[in-house]
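In structure tokens, one chain follows: the form predicted alone.
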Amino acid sequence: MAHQASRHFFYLLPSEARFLDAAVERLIPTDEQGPGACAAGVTEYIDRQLASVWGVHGRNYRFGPWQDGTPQQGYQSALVPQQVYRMGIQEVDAWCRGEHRQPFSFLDETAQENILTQLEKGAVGLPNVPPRLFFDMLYGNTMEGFFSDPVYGGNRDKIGWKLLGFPGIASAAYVEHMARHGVAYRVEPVAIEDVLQGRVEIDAGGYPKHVLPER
């Protein structure tokens, strides 16, 4: 993982980036199946989203009333994502210092996992940010950053797609594979920038041609 000083963030403070590095790596850890969320640039993805219009809910209705709603009613908090993250990280770190004498990113992996589980259950008392709201946003953004197109800042080197065997942008030239029943369709995944920068061949219909990985 790159040193903090060599990374550029649009919204996150260094301490917030350290928190997220630790948290997302516990949600999608590096293991025998491959690299985890940190290697995939999930923290950078979240930073870009927070620096965007979404970070301030610039396209959302913002005048209340702010009442608890049902899950079917969608987002109900008066806090915008920038506030959820900034305040949530500060409050979780303060809670960790009170319980463990260290901020979240300095704790061992087992302690971090236990704290994330407590946040998911709403069992951590935070003064301003509902713990479930913070965890749900963090979890959702982590999944997005790991599996979305790399053009959005995450899924570096298509780590998430390679883990799933997802081919990326659809190809129309797969006739030779149609009769291969029960055989996984494993090709080099194609991202948006691969097409825009001419790194893949395009067929007559404008679709990228998928290439089998080298062995």
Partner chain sequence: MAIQRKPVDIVIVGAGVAGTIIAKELLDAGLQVLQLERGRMVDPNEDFAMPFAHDELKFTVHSDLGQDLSRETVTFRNTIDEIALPMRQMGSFKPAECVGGAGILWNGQTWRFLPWDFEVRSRAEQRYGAGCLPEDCTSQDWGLTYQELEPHYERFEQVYGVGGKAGNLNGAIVPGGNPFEGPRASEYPNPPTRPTLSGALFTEAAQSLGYTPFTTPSAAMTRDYVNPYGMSLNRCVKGGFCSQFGCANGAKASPLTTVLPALLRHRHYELRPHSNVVRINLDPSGTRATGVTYLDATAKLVEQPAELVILCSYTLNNTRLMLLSGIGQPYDPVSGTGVIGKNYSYQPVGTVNLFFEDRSFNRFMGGGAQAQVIDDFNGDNFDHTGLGFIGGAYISANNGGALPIRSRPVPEGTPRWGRAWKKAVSRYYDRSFTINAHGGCQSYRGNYLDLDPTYKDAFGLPLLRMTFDWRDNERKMSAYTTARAAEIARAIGPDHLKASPVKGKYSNVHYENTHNNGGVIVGGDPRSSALNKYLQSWDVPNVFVVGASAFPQNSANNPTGTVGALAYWTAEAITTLYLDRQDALVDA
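Residue numbers count along the first chain shown, from 1. By rigid core we mean the largest C-alpha set that fits within 1.5 Å across both forms. The model shown is predicted, which means the values in this text are computed figures rather than measured ones.
One more form of this protein should be noted, the form predicted in complex with its partner chain, which is absent from this view; the next part is about it.
### Message
Check for me whether its partner chain, as it appears in the predicted bound form, comes within 4.5 angstroms of all of 9, 82 and 123 - heavy atoms only.
### Response
Heavy-atom distance to its partner chain in the predicted bound form: none of the three under 4.5 Å.
### Message
Check residue 198 for me: does it contact its partner chain in the predicted bound form (non-hydrogen atoms, 4.5 angstroms)?
### Response
Taking the distances in the predicted bound form, the answer for residue 198 is no, it never comes within 4.5 Å of its partner chain.
### Query
Closest heavy atom of residue 143 to its partner chain in the predicted bound form, within 4.5 Å or not?
Result yes; residue 143 sits at the interface with its partner chain in the predicted bound form.
### Query
Just to confirm, residue 95 within 4.5 Å of its partner chain in the predicted bound form by heavy atoms?
Residue 95: no, not in contact with its partner chain in the predicted bound form.
### Task
Verify the contact flag for residue 134: yes if a non-hydrogen atom of it lies within 4.5 Å of a non-hydrogen atom of its partner chain in the predicted bound form, no if not.
No, residue 134 is distant from the partner.
### Task
Would you give me the residues of 50-81 that have any heavy atom within 4.5 Å of its partner chain in the predicted bound form, in order from first to last?
Sequence-ordered list: 54, 57, 58, 59, 60, 61, 62, 63, 64, 65, 66, 67, 68, 69, 70, 71, 72, 73, 74, 75, 76.
### C-alpha of residue 74 off by 2 Å or more between this form and the one not shown on rigid core
Yes; that C-alpha moves by at least 2 Å between this form and the one not shown.
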